[in-house]
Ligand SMILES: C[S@@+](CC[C@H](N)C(=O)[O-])C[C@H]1O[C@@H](n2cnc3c(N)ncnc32)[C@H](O)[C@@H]1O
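The chain below stands alone and is given as structure tokens, in the form predicted on its own.
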């Protein structure tokens, strides 16, 4: 059998581990024209999905295009590739472009041997902070020993849409620190900007016990942390952390003044967060925001769309999010 490439109709989406049901429910509700999927592990292939327009060879969708938020990575130009050998499979992929990331639900050893023959990409946990190379990143998965589903065009610079971070099990006050680290990596990739720097004035709303404040202090920021409960002692004793015992959402922007960045991981209804964000945007007292949208039961997609429709904004699901999304806004490019 000689290798063959078949361009497939439609789109395919890789779900998050143990959250593929959310992807299927979202597509059925928000994108009914996509029809019924064919499932390959956490990959949902929709042969009837209309393919969004983008330039030939461009791995990324144009601004304003919409994909499911529960999709970790999108196969924008899915191919079915048949091959005889591991070397042949690697050659077919390498002939299309350099960078390929795997997702596997079967044939794990065979897939690992194919990956070894492809140009190296870093699939190991990364040490924060790091900058993402702005290069095309394809995705492939083996369907059986001699067939793969692949796409050179995706919507992500991250391997299989995944941000994997080296964990610190000793210093952070909570595991929530991974969420802000991933959000900052994705923010800088999406908007082409730098992370908060030494001396930046930042607000951390809902800061207890201090996971996000800890990351911001590691970056050298001057942090105003607000919560009803105190942070861990090491942060309460930090002269660059200014703690306020308060409900952050009841404080007016004019009472707090100007910030370079605002962060919120407050547990609240999304409607309340949306109103608070708009108060800050109307004040003009801050340009950059990263806020967690805590989902309450069923997802109010109309409200999520309102967050996404704020100019210079994106709503994403992070690899380190749970049942929640993250809203990011960059007022400075």
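Keep in mind that this is a model prediction, so the values were computed, not measured. Numbering follows the first chain given and starts at 1.
This protein has a second form, the form predicted together with the named molecule, left out of what is shown; the following refers to that one.
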Item to complete: Using a 4.5 Å heavy atom cut-off, state whether residue 124 contacts the named molecule in the predicted bound form.
Response: no
Worksheet item: Does residue 265 reach the named molecule in the predicted bound form, with heavy atoms at most 4.5 Å apart?
Response: yes
Discussion item. Would you classify residue 212 as touching the named molecule in the predicted bound form, given a 4.5 Å non-hydrogen atom cut-off?
Written reply: yes
Worksheet item: Is residue 191 a contact residue for the named molecule in the predicted bound form, using a 4.5 Å heavy atom cut-off?
Response: no
Worksheet item: Non-hydrogen atoms within 4.5 angstroms of the named molecule in the predicted bound form: do 184, 223 and 242 all have one?
Response: no
Worksheet item: Which one, 81, 256, 248, 160, lies within 4.5 Å of the named molecule in the predicted bound form by heavy atoms?
Response: 248
Worksheet entry | Selected contact from 176, 148, 111, 101, since only one has a non-hydrogen atom within 4.5 angstroms of the named molecule in the predicted bound form | 176
Practice prompt. Heavy atoms, 4.5 Å, the named molecule in the predicted bound form: which of 85-93, 113-121, 136-144, 168-176 makes the cut? Say which one.
Written response: 168-176
Worksheet item: Is any part of 284-304 within 4.5 angstroms of the named molecule in the predicted bound form by a non-hydrogen atom, and which residues would that be?
Response: 294
